[in-house]
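The chain below stands alone and is given as structure tokens, in the form predicted alone.
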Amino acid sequence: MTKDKHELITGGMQFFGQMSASATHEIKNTLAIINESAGLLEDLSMMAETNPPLSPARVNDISQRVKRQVVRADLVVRKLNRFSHSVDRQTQITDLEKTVCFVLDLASRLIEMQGVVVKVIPPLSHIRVDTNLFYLENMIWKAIETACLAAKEKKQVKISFGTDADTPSIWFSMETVKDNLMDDLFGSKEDDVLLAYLNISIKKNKENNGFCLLWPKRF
């Protein structure tokens, strides 16, 4: 195995582990709430043996809480299942906006922990690329994470898309950025390998506090 391939696989495994850990943490939280609700129902049933009948309103409140958590857990499992299938094919035609939105949804807990608000500006038309979906998701998450870490004061990140369909691009813009961070974006060996594998370059716009993932011109 070449060194570059090792870097790519190692980075991909770290990304998969990070997303899986976040998703399973959410599932664990929902199970804890369901377990707590089950304990309340057990306590109420024991009390009902010696006290007046159970309050229908209280029982309904607990059951609704359980239902909400089941729905929440189901959504997380669906996201994790979809993410797991990202590795099914070597390459596929992928819609960039849909992929960005999915990664944001998948990593929503991690983004919320940083206190950053991310806004997506839809493209004027669908922008698609033929690429490896899993590693594209990896690169998009790296870009989102970098933008979130770079943002200061107003913790806001705007994601938009280039208007030239023949040269696909995803732009990440911050209201304000931390000093000197724009000079050292995506400088690691792991970043270089991932960008090269996906045939993407980084274009910076320091005046507008932003950068983009840029694909080569198609024609």
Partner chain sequence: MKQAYQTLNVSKKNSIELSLKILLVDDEKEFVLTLSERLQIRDMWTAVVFDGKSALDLIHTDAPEVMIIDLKMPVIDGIDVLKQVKQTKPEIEVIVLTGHGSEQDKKKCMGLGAFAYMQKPVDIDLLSKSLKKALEKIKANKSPVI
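Residue numbers count along the first chain shown, from 1. Just so it is clear, the model here is predicted, and its values are computed rather than measured.
Heads up, the form predicted together with the partner chain isn't pictured, but that's what we're talking about next.
Proximity to the partner chain in the predicted complex, defined as a heavy atom within 4.5 Å, holds among I33, L185, A165, V59 only for I33. This chain is drawn without the partner chain; in the predicted complex, the residue among R128, K98, R72, R82 with a heavy atom within 4.5 Å of it is R72. Within 4.5 Å of the partner chain in the predicted complex, a heavy atom is found for none of K154, D192 and A196. When contacts are judged by a 4.5 Å heavy atom cut-off, V87 does not count as touching the partner chain in the predicted complex. When contacts are judged by a 4.5 Å heavy atom cut-off, T176 does not count as touching the partner chain in the predicted complex. Although the partner is absent here, S37 lies within 4.5 Å of the partner chain in the predicted complex, judged by heavy atoms.
By the criterion of a heavy atom within 4.5 Å, N29 is counted among the residues contacting the partner chain in the predicted complex. The stretch among 107 to 115, 87 to 95, 140 to 148, 74 to 82 whose residues place heavy atoms within 4.5 Å of the partner chain in the predicted complex is 107 to 115.
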